[in-house]
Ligand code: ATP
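Next up is one chain by itself, shown in C-alpha coordinates, the form predicted on its own.
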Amino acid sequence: MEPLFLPNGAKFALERLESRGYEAYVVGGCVRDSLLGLSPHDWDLTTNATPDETAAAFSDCRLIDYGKKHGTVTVLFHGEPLEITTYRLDGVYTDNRHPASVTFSKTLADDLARRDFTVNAMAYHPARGLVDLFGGANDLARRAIRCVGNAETRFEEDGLRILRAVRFASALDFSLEPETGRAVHARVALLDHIARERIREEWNKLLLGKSPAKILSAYPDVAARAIPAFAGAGRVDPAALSAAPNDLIIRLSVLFHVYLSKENRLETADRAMRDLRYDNAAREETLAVLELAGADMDPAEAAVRRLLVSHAPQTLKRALEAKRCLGIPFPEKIPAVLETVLARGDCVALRDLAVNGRDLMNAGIPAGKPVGAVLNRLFEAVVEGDLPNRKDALLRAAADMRRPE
(Lines give C-alpha, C1' and ligand atoms only; values in the text may rest on other atoms or scores of the structure.)
Protein backbone atom coordinates (compact mmCIF):
# COMPACT_ATOMS: atom_id res chain seq x y z
CA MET A 1 0.00 0.00 0.00
CA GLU A 2 1.02 3.61 -0.50
CA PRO A 3 2.39 5.38 2.59
CA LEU A 4 -0.23 7.39 4.44
CA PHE A 5 0.16 11.13 4.74
CA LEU A 6 0.67 12.13 8.37
CA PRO A 7 0.27 15.74 9.48
CA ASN A 8 3.09 17.43 11.35
CA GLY A 9 1.41 16.94 14.72
CA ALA A 10 1.10 13.18 14.35
CA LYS A 11 4.68 12.88 13.08
CA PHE A 12 5.93 15.00 15.96
CA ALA A 13 4.12 12.83 18.53
CA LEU A 14 5.38 9.56 17.02
CA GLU A 15 8.96 10.82 16.87
CA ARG A 16 8.85 12.21 20.40
CA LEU A 17 7.59 8.94 21.90
CA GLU A 18 10.05 6.84 19.93
CA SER A 19 12.95 9.12 20.92
CA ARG A 20 12.09 8.22 24.54
CA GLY A 21 12.21 4.50 23.73
CA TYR A 22 8.47 3.83 23.41
CA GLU A 23 6.42 2.24 20.63
CA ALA A 24 3.62 4.27 19.04
CA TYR A 25 1.18 4.19 16.12
CA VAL A 26 -1.59 6.33 14.72
CA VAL A 27 -4.79 4.37 15.15
CA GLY A 28 -8.53 4.15 14.55
CA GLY A 29 -10.61 6.57 12.54
CA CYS A 30 -7.67 8.53 11.13
CA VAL A 31 -6.25 5.34 9.58
CA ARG A 32 -9.68 4.33 8.26
CA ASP A 33 -10.33 7.72 6.68
CA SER A 34 -6.83 7.94 5.22
CA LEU A 35 -7.25 4.57 3.53
CA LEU A 36 -10.56 5.80 2.10
CA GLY A 37 -8.90 8.91 0.71
CA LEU A 38 -10.72 11.17 3.18
CA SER A 39 -9.22 13.89 5.37
CA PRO A 40 -9.29 12.78 9.02
CA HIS A 41 -10.84 15.20 11.49
CA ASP A 42 -8.66 13.98 14.34
CA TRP A 43 -5.42 12.09 14.73
CA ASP A 44 -5.25 9.61 17.61
CA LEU A 45 -2.21 7.66 18.70
CA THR A 46 -1.73 4.52 20.74
CA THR A 47 1.48 3.63 22.61
CA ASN A 48 3.05 1.26 25.11
CA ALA A 49 4.03 4.27 27.24
CA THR A 50 1.96 4.62 30.40
CA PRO A 51 -0.05 7.83 30.83
CA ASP A 52 2.57 9.18 33.25
CA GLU A 53 5.35 8.33 30.80
CA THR A 54 3.43 9.99 27.97
CA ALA A 55 2.88 13.13 30.04
CA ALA A 56 6.60 13.23 30.92
CA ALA A 57 7.57 12.83 27.26
CA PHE A 58 5.51 15.91 26.38
CA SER A 59 6.25 17.95 29.50
CA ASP A 60 7.17 20.95 27.34
CA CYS A 61 3.72 20.93 25.68
CA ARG A 62 0.32 21.94 26.93
CA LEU A 63 -1.46 18.80 28.11
CA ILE A 64 -5.06 17.88 28.91
CA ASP A 65 -5.12 14.89 31.22
CA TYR A 66 -8.77 14.52 32.25
CA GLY A 67 -8.75 11.10 30.51
CA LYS A 68 -5.55 9.99 32.19
CA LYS A 69 -7.15 7.37 34.44
CA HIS A 70 -8.47 5.65 31.31
CA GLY A 71 -5.06 5.90 29.64
CA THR A 72 -5.49 9.02 27.51
CA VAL A 73 -3.33 12.14 27.52
CA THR A 74 -4.19 14.89 25.04
CA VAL A 75 -1.26 16.89 23.67
CA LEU A 76 -1.94 20.27 22.08
CA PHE A 77 0.31 20.75 19.06
CA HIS A 78 -0.06 24.33 17.79
CA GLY A 79 -3.54 24.30 19.26
CA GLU A 80 -4.55 21.02 17.61
CA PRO A 81 -5.38 18.14 20.01
CA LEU A 82 -3.61 14.81 19.68
CA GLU A 83 -5.11 12.04 21.84
CA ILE A 84 -2.45 9.58 22.93
CA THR A 85 -3.76 6.45 24.67
CA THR A 86 -1.83 3.65 26.31
CA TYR A 87 -2.38 0.14 24.93
CA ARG A 88 -5.07 -1.33 27.13
CA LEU A 89 -7.36 -4.22 27.90
CA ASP A 90 -10.94 -3.53 28.95
CA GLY A 91 -12.32 -5.39 31.94
CA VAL A 92 -15.83 -6.79 32.29
CA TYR A 93 -18.62 -4.52 31.11
CA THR A 94 -21.21 -4.39 33.90
CA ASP A 95 -23.63 -1.73 32.62
CA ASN A 96 -23.76 -2.44 28.85
CA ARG A 97 -21.74 0.72 28.37
CA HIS A 98 -18.45 1.00 30.30
CA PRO A 99 -15.79 -1.49 31.37
CA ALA A 100 -15.57 -1.92 35.13
CA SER A 101 -11.79 -1.67 34.88
CA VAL A 102 -9.05 -0.85 32.41
CA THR A 103 -5.68 -2.63 32.40
CA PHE A 104 -2.74 -1.15 30.57
CA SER A 105 -0.93 -3.47 28.17
CA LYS A 106 2.39 -3.56 26.40
CA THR A 107 1.13 -5.07 23.15
CA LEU A 108 -0.62 -3.36 20.26
CA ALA A 109 -2.60 -6.54 19.53
CA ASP A 110 -4.37 -6.29 22.90
CA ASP A 111 -5.39 -2.73 22.18
CA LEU A 112 -6.72 -3.42 18.69
CA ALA A 113 -8.67 -6.47 19.87
CA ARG A 114 -10.83 -4.39 22.26
CA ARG A 115 -12.06 -2.01 19.51
CA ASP A 116 -15.57 -2.00 18.09
CA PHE A 117 -15.33 -2.50 14.31
CA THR A 118 -12.62 -3.86 12.08
CA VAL A 119 -12.41 -0.63 10.08
CA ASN A 120 -11.59 1.17 13.34
CA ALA A 121 -9.11 -1.46 14.55
CA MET A 122 -6.17 -0.65 12.29
CA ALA A 123 -2.92 1.06 13.24
CA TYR A 124 -0.20 2.61 11.09
CA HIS A 125 3.44 3.58 11.44
CA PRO A 126 5.46 5.20 8.62
CA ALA A 127 8.29 2.66 8.99
CA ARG A 128 6.30 -0.44 9.97
CA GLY A 129 3.30 0.16 7.73
CA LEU A 130 -0.28 -0.94 8.35
CA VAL A 131 -1.15 -3.25 11.23
CA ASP A 132 -4.46 -4.87 10.37
CA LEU A 133 -5.12 -7.93 12.53
CA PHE A 134 -8.86 -8.25 11.86
CA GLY A 135 -9.28 -7.61 8.14
CA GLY A 136 -10.30 -3.97 8.35
CA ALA A 137 -8.73 -3.04 5.01
CA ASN A 138 -10.62 -5.86 3.30
CA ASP A 139 -13.86 -4.66 4.92
CA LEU A 140 -13.17 -1.16 3.63
CA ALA A 141 -12.73 -2.59 0.15
CA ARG A 142 -16.05 -4.45 0.35
CA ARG A 143 -17.72 -1.48 2.06
CA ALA A 144 -18.77 -3.43 5.13
CA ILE A 145 -19.07 -2.61 8.83
CA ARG A 146 -18.12 -5.69 10.83
CA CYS A 147 -17.55 -6.10 14.56
CA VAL A 148 -14.18 -7.20 15.90
CA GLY A 149 -14.84 -10.69 17.23
CA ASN A 150 -18.35 -11.83 18.12
CA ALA A 151 -20.86 -9.13 17.22
CA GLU A 152 -23.43 -9.87 19.93
CA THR A 153 -20.70 -9.86 22.58
CA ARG A 154 -19.42 -6.52 21.32
CA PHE A 155 -22.91 -5.02 21.52
CA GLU A 156 -23.59 -6.51 24.95
CA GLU A 157 -20.40 -4.85 26.18
CA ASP A 158 -21.51 -1.44 24.94
CA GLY A 159 -25.03 -0.96 23.62
CA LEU A 160 -24.13 2.34 21.96
CA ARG A 161 -22.09 0.33 19.44
CA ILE A 162 -25.42 -0.75 17.89
CA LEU A 163 -26.16 2.82 16.90
CA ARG A 164 -22.53 3.46 16.01
CA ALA A 165 -22.64 0.52 13.60
CA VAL A 166 -25.54 1.94 11.62
CA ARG A 167 -24.13 5.45 11.95
CA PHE A 168 -20.83 4.40 10.33
CA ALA A 169 -22.74 2.55 7.62
CA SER A 170 -24.74 5.70 6.87
CA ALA A 171 -21.74 8.04 7.07
CA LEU A 172 -19.62 5.94 4.70
CA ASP A 173 -22.45 4.54 2.54
CA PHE A 174 -21.47 1.03 3.66
CA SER A 175 -23.61 -1.94 4.63
CA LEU A 176 -23.50 -4.00 7.80
CA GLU A 177 -21.82 -7.38 7.36
CA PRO A 178 -24.55 -10.05 7.81
CA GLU A 179 -23.50 -11.32 11.25
CA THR A 180 -23.19 -7.77 12.53
CA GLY A 181 -26.56 -6.86 11.02
CA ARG A 182 -28.25 -9.84 12.66
CA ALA A 183 -26.69 -8.89 16.00
CA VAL A 184 -28.05 -5.34 15.66
CA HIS A 185 -31.59 -6.71 15.34
CA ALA A 186 -31.05 -9.24 18.12
CA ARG A 187 -29.62 -6.78 20.65
CA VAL A 188 -31.35 -3.53 19.69
CA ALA A 189 -33.11 -3.35 23.08
CA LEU A 190 -29.73 -2.56 24.65
CA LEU A 191 -30.17 0.98 23.34
CA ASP A 192 -32.76 1.50 26.06
CA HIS A 193 -29.92 1.61 28.59
CA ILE A 194 -28.00 4.38 26.80
CA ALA A 195 -28.22 8.05 27.82
CA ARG A 196 -30.52 9.94 25.48
CA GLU A 197 -27.88 12.59 24.85
CA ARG A 198 -25.52 9.94 23.48
CA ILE A 199 -28.32 8.52 21.34
CA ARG A 200 -28.92 12.01 19.94
CA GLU A 201 -25.25 12.50 19.03
CA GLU A 202 -25.07 9.26 17.05
CA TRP A 203 -28.55 9.78 15.57
CA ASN A 204 -27.53 13.18 14.19
CA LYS A 205 -24.40 11.72 12.62
CA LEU A 206 -26.48 8.94 11.09
CA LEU A 207 -28.92 11.45 9.58
CA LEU A 208 -26.08 13.57 8.19
CA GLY A 209 -24.40 10.56 6.57
CA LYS A 210 -24.35 9.64 2.90
CA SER A 211 -27.12 7.04 3.07
CA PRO A 212 -29.41 7.50 6.10
CA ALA A 213 -32.51 6.46 4.14
CA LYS A 214 -31.00 3.12 3.14
CA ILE A 215 -29.91 2.38 6.70
CA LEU A 216 -33.18 3.42 8.38
CA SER A 217 -35.12 1.40 5.84
CA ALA A 218 -33.03 -1.67 6.66
CA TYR A 219 -33.04 -1.11 10.45
CA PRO A 220 -36.44 0.36 11.42
CA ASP A 221 -36.05 -1.23 14.84
CA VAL A 222 -33.03 0.98 15.53
CA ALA A 223 -35.01 4.05 14.47
CA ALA A 224 -37.81 3.03 16.82
CA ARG A 225 -35.42 2.69 19.75
CA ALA A 226 -33.94 6.12 19.05
CA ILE A 227 -37.39 7.71 18.60
CA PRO A 228 -40.10 5.48 20.11
CA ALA A 229 -42.83 7.36 18.20
CA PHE A 230 -41.46 5.69 15.05
CA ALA A 231 -42.24 2.21 16.40
CA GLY A 232 -45.37 1.62 14.35
CA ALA A 233 -44.02 2.95 11.08
CA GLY A 234 -42.23 -0.20 9.90
CA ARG A 235 -40.28 0.16 6.66
CA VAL A 236 -40.83 3.66 5.31
CA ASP A 237 -40.26 4.70 1.69
CA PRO A 238 -36.84 6.40 1.88
CA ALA A 239 -37.24 8.54 -1.23
CA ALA A 240 -37.95 11.83 0.59
CA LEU A 241 -34.99 11.49 2.97
CA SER A 242 -32.75 10.46 0.08
CA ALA A 243 -33.65 13.71 -1.68
CA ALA A 244 -32.92 15.91 1.34
CA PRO A 245 -29.79 18.10 1.38
CA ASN A 246 -27.17 17.61 4.07
CA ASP A 247 -28.94 19.84 6.57
CA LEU A 248 -29.92 18.37 9.95
CA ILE A 249 -33.03 20.52 10.39
CA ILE A 250 -34.39 19.61 6.95
CA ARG A 251 -33.62 15.91 7.41
CA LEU A 252 -35.27 15.84 10.83
CA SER A 253 -38.34 17.66 9.44
CA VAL A 254 -38.63 15.30 6.50
CA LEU A 255 -38.20 12.30 8.77
CA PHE A 256 -40.92 13.44 11.16
CA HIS A 257 -43.26 14.15 8.26
CA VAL A 258 -42.67 10.70 6.77
CA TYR A 259 -42.79 8.68 9.99
CA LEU A 260 -45.51 10.46 11.96
CA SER A 261 -49.21 10.58 11.16
CA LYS A 262 -50.70 14.00 10.46
CA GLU A 263 -52.73 13.98 13.66
CA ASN A 264 -50.57 15.36 16.49
CA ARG A 265 -47.48 15.36 14.26
CA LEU A 266 -46.06 18.56 15.73
CA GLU A 267 -46.76 17.54 19.32
CA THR A 268 -45.21 14.11 18.78
CA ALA A 269 -42.13 15.57 17.10
CA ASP A 270 -41.79 18.05 19.93
CA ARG A 271 -41.88 15.26 22.53
CA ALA A 272 -39.37 13.21 20.56
CA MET A 273 -36.87 16.08 20.36
CA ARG A 274 -37.30 16.92 24.03
CA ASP A 275 -36.74 13.26 24.87
CA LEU A 276 -33.45 13.29 22.95
CA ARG A 277 -32.42 16.53 24.70
CA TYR A 278 -32.18 18.67 21.58
CA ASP A 279 -31.45 22.29 22.40
CA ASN A 280 -34.35 24.73 22.14
CA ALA A 281 -33.06 26.44 19.00
CA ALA A 282 -32.82 23.20 17.00
CA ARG A 283 -36.16 21.95 18.31
CA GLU A 284 -38.04 25.16 17.57
CA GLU A 285 -36.54 25.49 14.10
CA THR A 286 -37.35 21.87 13.23
CA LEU A 287 -40.95 22.25 14.38
CA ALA A 288 -41.34 25.48 12.41
CA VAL A 289 -40.01 23.87 9.23
CA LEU A 290 -42.18 20.79 9.82
CA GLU A 291 -45.31 22.95 10.24
CA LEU A 292 -44.60 25.10 7.19
CA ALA A 293 -43.75 22.06 5.07
CA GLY A 294 -47.27 20.75 5.59
CA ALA A 295 -49.03 24.11 5.14
CA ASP A 296 -50.33 25.83 2.01
CA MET A 297 -48.32 28.85 0.86
CA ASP A 298 -49.61 31.91 -0.97
CA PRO A 299 -47.20 33.37 -3.56
CA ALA A 300 -48.43 36.95 -3.11
CA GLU A 301 -45.75 39.33 -1.82
CA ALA A 302 -47.91 40.36 1.14
CA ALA A 303 -48.37 36.70 2.12
CA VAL A 304 -44.63 36.09 1.92
CA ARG A 305 -43.99 39.16 4.04
CA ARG A 306 -46.49 37.86 6.61
CA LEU A 307 -44.51 34.61 6.81
CA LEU A 308 -41.30 36.57 7.28
CA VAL A 309 -42.84 38.45 10.19
CA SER A 310 -42.91 35.23 12.20
CA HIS A 311 -40.17 33.16 10.54
CA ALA A 312 -36.55 33.77 9.60
CA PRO A 313 -35.71 33.60 5.87
CA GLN A 314 -33.65 30.45 6.47
CA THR A 315 -36.69 28.77 8.01
CA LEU A 316 -38.82 29.48 4.93
CA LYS A 317 -36.08 28.26 2.60
CA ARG A 318 -35.74 25.06 4.59
CA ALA A 319 -39.51 24.56 4.52
CA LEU A 320 -39.60 24.95 0.74
CA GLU A 321 -36.75 22.43 0.43
CA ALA A 322 -38.61 20.03 2.71
CA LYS A 323 -41.74 20.38 0.54
CA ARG A 324 -39.67 19.59 -2.54
CA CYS A 325 -38.21 16.46 -0.94
CA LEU A 326 -41.62 15.31 0.24
CA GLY A 327 -43.29 15.97 -3.10
CA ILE A 328 -45.69 18.50 -1.56
CA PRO A 329 -46.66 20.97 -4.29
CA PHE A 330 -46.23 24.70 -3.79
CA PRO A 331 -46.53 27.67 -6.22
CA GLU A 332 -43.43 27.85 -8.40
CA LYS A 333 -43.24 31.61 -7.89
CA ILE A 334 -42.67 31.48 -4.13
CA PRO A 335 -38.85 31.10 -4.11
CA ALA A 336 -38.47 34.00 -6.54
CA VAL A 337 -40.95 36.16 -4.59
CA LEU A 338 -39.08 35.37 -1.37
CA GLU A 339 -35.76 36.41 -2.90
CA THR A 340 -37.32 39.61 -4.28
CA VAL A 341 -38.78 40.58 -0.91
CA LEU A 342 -35.47 39.87 0.82
CA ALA A 343 -33.33 41.65 -1.77
CA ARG A 344 -35.59 44.71 -1.64
CA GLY A 345 -35.35 44.82 2.14
CA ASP A 346 -39.10 44.92 2.67
CA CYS A 347 -40.37 45.76 6.13
CA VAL A 348 -41.02 42.50 8.01
CA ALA A 349 -40.26 43.65 11.58
CA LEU A 350 -41.14 46.74 13.61
CA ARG A 351 -37.47 47.73 13.60
CA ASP A 352 -37.68 47.96 9.79
CA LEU A 353 -40.49 50.53 9.95
CA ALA A 354 -39.47 53.99 8.70
CA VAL A 355 -40.90 55.59 11.86
CA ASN A 356 -40.49 54.78 15.54
CA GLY A 357 -42.26 55.65 18.74
CA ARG A 358 -40.39 58.91 19.21
CA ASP A 359 -41.38 60.04 15.70
CA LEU A 360 -45.01 59.39 16.53
CA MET A 361 -44.84 61.19 19.88
CA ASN A 362 -43.22 64.17 18.17
CA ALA A 363 -46.17 64.11 15.77
CA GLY A 364 -48.59 64.32 18.69
CA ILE A 365 -49.44 60.68 19.40
CA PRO A 366 -49.69 60.21 23.20
CA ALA A 367 -46.97 58.08 24.77
CA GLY A 368 -47.63 54.57 26.01
CA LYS A 369 -50.35 52.30 24.61
CA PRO A 370 -51.55 54.80 21.94
CA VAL A 371 -48.09 54.93 20.36
CA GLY A 372 -47.80 51.14 20.43
CA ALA A 373 -51.23 50.68 18.89
CA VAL A 374 -50.48 53.11 16.03
CA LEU A 375 -47.06 51.55 15.38
CA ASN A 376 -48.67 48.12 15.08
CA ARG A 377 -51.38 49.38 12.71
CA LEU A 378 -48.76 51.09 10.52
CA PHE A 379 -46.63 47.97 10.52
CA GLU A 380 -49.56 45.76 9.48
CA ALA A 381 -50.45 48.18 6.68
CA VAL A 382 -46.89 48.18 5.35
CA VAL A 383 -46.66 44.38 5.49
CA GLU A 384 -49.96 44.08 3.61
CA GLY A 385 -48.73 46.54 0.98
CA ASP A 386 -51.41 49.12 1.82
CA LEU A 387 -48.80 51.74 2.80
CA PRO A 388 -45.29 52.44 1.50
CA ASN A 389 -42.57 52.23 4.12
CA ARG A 390 -41.72 55.94 3.90
CA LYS A 391 -41.61 58.29 6.86
CA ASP A 392 -43.78 60.97 5.28
CA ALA A 393 -46.48 58.51 4.22
CA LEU A 394 -46.47 56.81 7.62
CA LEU A 395 -46.75 60.08 9.56
CA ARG A 396 -49.70 61.17 7.39
CA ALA A 397 -51.36 57.81 8.02
CA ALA A 398 -50.66 58.13 11.75
CA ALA A 399 -52.32 61.55 11.79
CA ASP A 400 -55.39 60.06 10.17
CA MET A 401 -55.45 57.25 12.70
CA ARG A 402 -55.63 59.66 15.67
CA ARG A 403 -58.55 61.61 14.22
CA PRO A 404 -61.96 60.59 15.58
CA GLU A 405 -64.12 58.54 13.26
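In case it trips you up, residue 1 is the first one in the sequence shown, and so on. What you see is a predicted model, and the numbers here were worked out from it, not measured in a lab.
Quick note: we don't show the form predicted in complex with this ligand, though the next part is all about it.
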In the predicted bound form, the residue from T268, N120, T72, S211 with a non-hydrogen atom within 4.5 Å of this ligand is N120
If we test each of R115, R283, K317, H257 for a heavy atom within 4.5 Å of this ligand in the predicted bound form, the one that passes is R115
- prompt: Applying a 4.5 Å heavy atom distance criterion, does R164 contact this ligand in the predicted bound form?
  reply: yes
| query | Would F155 show up as a contact with this ligand in the predicted bound form if we use heavy atoms at 4.5 Å? | reply | no
**Asked** in the predicted bound form, does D346 have a heavy atom within 4.5 Å of this ligand?
**Response** no
Just checking whether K205 would be counted as a contact of this ligand in the predicted bound form - the rule being heavy atoms within 4.5 angstroms.
yes
In the predicted bound form, do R146, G149 and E177 all reach within 4.5 Å of this ligand through at least one heavy atom apiece? no
Partner contact check in the predicted bound form: of 38 to 46, 347 to 355, 63 to 71, 360 to 368, the stretch with a heavy atom within 4.5 Å of this ligand is 38 to 46
Of the residues spanning 26 to 45, the ones with some heavy atom within 4.5 Å of this ligand in the predicted bound form are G28, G29, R32, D33, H41, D44
